[in-house]
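The chain below stands alone, shown as structure tokens; this is the form predicted alone.
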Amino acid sequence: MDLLQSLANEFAVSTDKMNEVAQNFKKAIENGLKGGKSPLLMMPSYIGKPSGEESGTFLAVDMGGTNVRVAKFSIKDRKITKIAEVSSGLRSNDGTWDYTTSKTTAEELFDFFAGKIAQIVGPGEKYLLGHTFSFPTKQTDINTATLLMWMKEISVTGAVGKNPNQLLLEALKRKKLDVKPCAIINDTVGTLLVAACQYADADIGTILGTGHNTCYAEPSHPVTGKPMIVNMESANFDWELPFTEYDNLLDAASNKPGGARLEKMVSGVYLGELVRIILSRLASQGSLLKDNSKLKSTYSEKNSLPSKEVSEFIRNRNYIELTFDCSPKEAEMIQNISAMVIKRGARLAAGTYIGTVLHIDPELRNQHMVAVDGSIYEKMTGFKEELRRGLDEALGNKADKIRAQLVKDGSGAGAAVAAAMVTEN
């Protein structure tokens, strides 16, 4: 068996495996709802789907992992219009500041956010604000949450165990801004809220971008007995996933070994790193890139191969030849390896969506829309198509019951929708 075929076998996710993932994911949902053993945190959001009556002008802050965005939205007649936006990376290009490391305090991070908010709030203006905070939190109501842990390789000190909205409110007061945070949600919840304003069958929200997570609309939540969106923190799902030696190497070198195992197989912050590990390992064994000097010089460091490069590898073989100064045959191998990693991620994600729908609707009698936001789904070459193909294969004659729909800016606009819903109540 040649090298490429061996790798293809390692990274293959069969139809049977997708269905196994679906059933395991469904069981994890049901165990988690009952408070039993589950890798899914099943966190109540304390918000349901919008009524369609929401209206007004609201602010939204979105911290997604690698950047922060602040925006002003107008909401009326189920239409969400962006009026203004300011965005910034959490690290400077020249390395002079970095708001992601343990050297940064929570106060410094949230002062940075407040400074961005000040750029779109005029003198004397007063707003309610929705906050999309895409990290594991334990919520006790729509405006009160406790940060449980950082993910996505962020390690700011003094924030874990605190309420991010309280930290933001204190920073806004220091800036003397008349802005009141009134809702805190996860980016998946925001994506579902935006989708539900437009599509009646939207009941799952998911992020396939820098990170990965999924939420869904639970018809009758155990806490309230009413419909509620549940943030599953599905990045942590790990029941019988097809880990390879390369996945284990990536996991061992991450900030949180043993955690976020699904996310490390499907999300943008890790897909490029996984391809880099595979290429580096094969090069060190003499199986690929006999002259690997360009690999070593360009991609020798952890996370030095961005996922957008992997997308280009799949799209353009000539680009690979120029990048690695390699032969057409080696470029073809790198292209195929990249495509295998992406295909696997898409099919694993498909399995989790099927499991979620089967929990909501075991007989698949109704239509379900998975609202998707994120650069991997939108921009990664082949990902969207492989996800659809995976759903079709696993669902067979019921494939038309689940559709995936790109919902742009769900994590931003969704926070404004949440603020409007709080106002309505």
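Don't overthink the numbering: it's just position in the shown sequence, from 1. Note that the structure is a prediction, hence the values are computed from the model and not measured.
Unshown form predicted together with a small molecule; subsequent notes refer to it.
With a 4.5 Å cutoff on heavy atoms, E218 does not count as touching the small molecule in the predicted bound form; it lies far away. Although the partner is absent here, N186 sits close enough that one of its heavy atoms falls within 4.5 Å of the small molecule in the predicted bound form. At least one heavy atom of N213 is located within 4.5 Å of the small molecule in the predicted bound form. The small molecule in the predicted bound form comes within 4.5 Å of no heavy atom belonging to G351.
When you look in the predicted bound form, the only residue of K72, R261, K116, K152 with a non-hydrogen atom within 4.5 Å of the small molecule is K152.
The listed set Y299, F237, F135, F313 contains one residue whose heavy atoms approach the small molecule in the predicted bound form to within 4.5 Å, identified as F135.
Just one listed stretch, out of 93-101, 80-88, 334-342, 204-212, contacts the small molecule in the predicted bound form at the 4.5 Å heavy atom level, and that stretch is 204-212.
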